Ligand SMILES: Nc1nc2c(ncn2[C@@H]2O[C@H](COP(=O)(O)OP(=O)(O)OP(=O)(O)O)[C@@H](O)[C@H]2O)c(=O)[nH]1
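What follows is a single chain, given as structure tokens, in the form predicted on its own.
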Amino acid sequence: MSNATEQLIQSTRFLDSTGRVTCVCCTQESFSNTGYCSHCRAPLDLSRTSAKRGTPVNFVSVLGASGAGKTVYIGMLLDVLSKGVRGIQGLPNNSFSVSIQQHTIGALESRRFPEKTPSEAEGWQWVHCEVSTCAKRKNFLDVVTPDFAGEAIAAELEHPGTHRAISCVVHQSKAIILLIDSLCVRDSGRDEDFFGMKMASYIHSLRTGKASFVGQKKTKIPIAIVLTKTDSCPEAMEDPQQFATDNMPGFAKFLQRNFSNFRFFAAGVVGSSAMFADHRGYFMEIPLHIEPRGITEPLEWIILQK
């Protein structure tokens, strides 16, 4: 088949309204010949599912720096939601969502943590979980997020536009769960403080269209800041807001000035862990048992903000 003929066939399919799909992530239209949006690379299955459901997609995305525990948190969140908790039920809507849940739980049960997310966009797994409550079963909240690599998020913060998928997800999100490593905050608080300010500035700029350092308008998007790995940092689990304010003063003040709806949470997945070293001096942390705490509370708070 010649290139001209193939292009004609693709153009005909695009003009046919039944073959077009509007991406729920970036709102661009495309036809499903590759399975991914040509603009942001989001799986078109997400868009088809929302179109069939006939109700608006209410994005909740999960972000965080490298090593903050995004893969573990997302996998554990999906596992808890699939079982149902406190009147909230989650239904994974694609094979990627089931896979990240399976890999996370399988790794933890095998006394290891999941492998690090690759930096390349092709290695990111897009999660879609429909969350409903017993009170309003038809009122869906969608946890839609790629398992972004922390290095990709850092690159996007330094050079906006580097990873289009990140900006599209942040722009479309109705709420954001921001993960921050409590151990890094405790041991090197200034680095995490700077990351928090960069992340908050990025979100504010996309949501208001203004640079957050000069704009006075507060954005109303709910942001749940989750301090992770608090199994090994009890002071963060005891009072996450005070812990963050004491160790990340710049980030805390930045949120107060530019956001009208945010809250600090603490979460942990492993009840205890051990550190092993081999003959080469390589250290590896081993989870001894699974004891999730504070996993669904951020999402429960977001649901109440609707």
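All values reported here derive from a predicted model rather than from experimental measurement. For every residue, the number given is its place in the sequence shown, counted from 1.
Beyond the structure shown, there is the form predicted together with the ligand, which is absent from this document and is the topic of what follows.
The ligand is not drawn, but in the predicted bound form it has no heavy atom within 4.5 Å of residue 202.
When contacts are judged by a 4.5 Å heavy atom cut-off, residue 297 does not count as touching the ligand in the predicted bound form.
Not displayed here, the ligand is approached by residue 116 to within 4.5 Å at the level of heavy atoms in the predicted bound form.
In the predicted bound form, the ligand stays beyond 4.5 Å of every heavy atom belonging to residue 42. Of the candidate stretches 190 to 198, 217 to 225, 85 to 93, 149 to 157, only 149 to 157 has residues whose heavy atoms lie within 4.5 Å of the ligand in the predicted bound form. Scanning 255, 248, 46, 65 against the ligand in the predicted bound form with a 4.5 Å heavy atom cut-off leaves one residue, 65.
Note on contacts: among 244, 37, 269, 266, the single residue with a heavy atom within 4.5 Å of the ligand in the predicted bound form is 269.
Residues of 233 to 266 are not found to place any heavy atom within 4.5 Å of the ligand in the predicted bound form.
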